[in-house]
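Here we start with a single chain on its own, the form predicted alone, put down as structure tokens.
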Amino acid sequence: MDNQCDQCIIRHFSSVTKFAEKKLIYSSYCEGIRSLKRGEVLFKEGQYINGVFCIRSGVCKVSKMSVNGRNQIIKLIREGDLIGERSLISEEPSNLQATALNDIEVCFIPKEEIINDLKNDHDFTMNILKRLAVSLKEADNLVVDMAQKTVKQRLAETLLYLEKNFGKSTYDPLDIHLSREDIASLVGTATESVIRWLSSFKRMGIVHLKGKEIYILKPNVLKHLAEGY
């Protein structure tokens, strides 16, 4: 398989696309393309990454282990997204783990291939900093949500997040199959609570459930629930 990054499908999706013509990231060759099966770990918490992973296909879940041993999913990374930007600036190991949610392909670009562009190109550096700022904002919001919102609100918010990133239309299920355990990890609660509230949402006609498939029928109602109404 050709591993020249300017030929990669992610060039059409990634936020760094606009810099491709300046021969920033995609002018060099990625170190290689890796294929992972569902459940395989891309990198572990505490591991030094020393580069950036680009999701070529599939979905990856990024999680952190809590003090009580529960694996909390922080976010889902899909085709065209990047993982590991912090390694470009920080010399610290990753504080998160990335695991294939389904079969995925990823490209890896070593840190040394990118660092000169960070030093010499203002626009590129600002783009990376903006991405990091968004990640920090999301982390802040997650802390507040966990502390102040109910399970019902957080589940509604999670379903809206999934619809935004993996939805098609009212008549189609979400284009991602998550176990109830994964949904509970996203919400930050016990699996039993998620099952109970999903059943409640189904009875209310807000969602339709068919195995692992979830149909969002009333996103506006979910929005009201997420806001505490």
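The first residue of the shown sequence is 1; numbering continues from there. On a predicted model such as this, the values are computed, not experimentally measured, just so you know.
Just so you know, the form predicted together with the DNA exists too; it's not on screen, but the next bit is about it.
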Inset, instruction - Run the contact test on K152, A190 and S199 with a 4.5 Å heavy atom cut-off to the DNA in the predicted bound form and return yes or no. - result: yes
Inset, instruction - Within 4.5 Å of the DNA in the predicted bound form, counting heavy atoms only, one of 56-64, 40-48, 159-167, 172-180 shows up; tell me which. - result: 172-180
Inset, instruction - Using the partner position in the predicted bound form, report whether I195 sits within 4.5 Å of the DNA, counting heavy atoms only. - result: yes
Inset, instruction - Please run the contact check for H208 against the DNA in the predicted bound form: heavy atoms, 4.5 angstroms, yes or no? - result: no
Inset, instruction - Could you list the residues in 63-78 that come within 4.5 Å of the DNA in the predicted bound form, counting only heavy atoms and keeping sequence order? - result: R70
